[in-house]
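Next comes just one chain, in structure tokens: the form predicted alone.
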């Protein structure tokens, strides 16, 4: 494992690169956590290890305001995350051992995967959104951010829940994003893995997603929640099996 920072317009992004044993040259997957998350969460580590088991190197990166990266959580926005992810993609493309590039992310990182996948469609062999929270922009326009309610036409300076606080800029940014535009741009394989008992991001969004993409498959993890806490091994197996095909 190599640990370092990637520059994103002056923001230092904490990153770790894990290669399979004996790996010299081959595919690499960028792996990104979700809202309030970080690269050491159980489901992120399980995904990383499954990819390594299948012969894929993994570049984990923490976005603005999360984990060991610069910035405060309350100041993060999806625009900042997109800018960060683009910097990580640029870095990954400079690595001499990479033969093909993949992108995966969980929850808000799954939303980011869908956005950046469309923006950089030529760069990725496939994308793997995990429990993608792509309803965030839609709900922001309706006045709801992950259960925190507000007037969508008169955005407050802060939105506060029991466990986090966000600037109103998060909402202003989210309201402008239309994920369907980037879905339409990505025509390569898409592998969506989602627990069908997810209470944070309803499984119906995964069912909608797979219909919108031109070349997608949905792998349900039956009875599991947003972070795959009940059947983490099944989520990992789904990733491992995809890359071994």
Ligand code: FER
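Numbering follows the first chain given and starts at 1. As the structure is a prediction and not an experimental result, all values here were calculated from the model.
A second form of this protein, the form predicted together with the ligand, is not displayed here; the remarks below concern that form.
With the ligand omitted here, the record of contacts in the predicted bound form names 107-115 of 85-93, 153-161, 121-129, 107-115, defined by a heavy atom within 4.5 Å. Among residues of the shown chain, residue 195 is not one whose heavy atoms approach the ligand to within 4.5 Å in the predicted bound form. Using a 4.5 angstroms threshold between heavy atoms, residue 133 counts as touching the ligand in the predicted bound form. Put simply, residue 170 is close to the ligand in the predicted bound form: some heavy atom of it is within 4.5 Å. At the 4.5 Å threshold, heavy atoms of residue 101 stay clear of the ligand in the predicted bound form, well away from it. Every residue in the set 145, 200 and 226 has a non-hydrogen atom no more than 4.5 Å from the ligand in the predicted bound form. In the predicted bound form, 34, 35 are the residues of 2-35 with at least one heavy atom within 4.5 Å of the ligand, listed from first to last.
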